[in-house]
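The chain below stands alone and is given as structure tokens, in the form predicted alone.
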């Protein structure tokens, strides 16, 4: 498969915050879920990809083109949805379609009309009268009607009810039927990523912790549980992250290491658990090490 996105030696600094991504690629035909706590660098990464902010160092190539030198060409092939809809409140979907038609050379009026109808969006109603769910549907419709090869999505389902979220996720899966297309999706709703993501990338404090295939990631780890009196069974080097409470402990371990402790319960982790253990859980593990 070819690379849709390639990052090498990317650096960006804001005051005390540093984003550093040595290497990162997204393949054609895949959905990459970008996860991490608030302030981890997810939105900064997306803005750097879109050249909304300038990188301090490194290389970003999209469709094999430098994202600064060929910005206009690249953006003709990208659909973008931010966590807050950006259309003016006084515009209607019909007005927005007319504006978008002037910008995108491959704008498809028929597809836009079909999506408005599919989402039950009134074409002549001003955006200010739309609910949040309707605004997000409108943003997604507008992002998909110039037949982009890449969707960059920043929390597109945040704050939406489960039925609307499922409807939108199904549309993203339909978009991926063309295997030359890709999606980069930043989301706090890890259940959405369970449904559609092929790979998961975790950012923590501006650092790329891992970027792995989702199924391989979930199969590689186990959440080991036991009473506090059993914690000594686990050596610290076996634990990626640790959480303790008055009833016992939970630790994230490599699955092959967890098999060595049959007296402890071991469960398959979720994406959310892996994320928390690699970030917050790792902090608790360090605190425990300091105490001991």
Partner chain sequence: MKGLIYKDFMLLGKQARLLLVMIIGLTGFWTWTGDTVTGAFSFSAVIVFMLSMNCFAYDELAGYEKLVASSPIPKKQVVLARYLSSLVVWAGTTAVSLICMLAVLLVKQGTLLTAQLAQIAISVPLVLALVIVLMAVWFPIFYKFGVNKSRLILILVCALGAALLVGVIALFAEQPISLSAFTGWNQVLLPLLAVAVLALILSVSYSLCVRILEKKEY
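Since we're looking at a predicted model, the values are computed, not measured. Numbering follows the first chain given and starts at 1.
Below, we refer to the form predicted together with the partner chain, which is not included among the displayed structures.
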Residue among 85, 158, 133, 122 with a heavy atom within 4.5 Å of the partner chain in the predicted complex:
85
Would you kindly say which of 254, 225, 47, 61 lies with a heavy atom within 4.5 Å of the partner chain in the predicted complex?
47
The stretch from 98-106, 188-196, 169-177, 112-120 that lies within 4.5 Å of the partner chain in the predicted complex, judged by heavy atoms, is 98-106
Considering non-hydrogen atoms and a 4.5 Å limit, does the partner chain approach residue 54 in the predicted complex?
yes
In the predicted complex, does residue 145 have a heavy atom within 4.5 Å of the partner chain?
no
When the contact criterion is heavy atoms within 4.5 Å, does residue 212 count as touching the partner chain in the predicted complex?
no
Is there a heavy atom of residue 75 lying 4.5 Å or less from a heavy atom of the partner chain in the predicted complex?
yes
Contact test, all of 12, 80 and 90, partner the partner chain in the predicted complex, heavy atom 4.5 Å:
yes
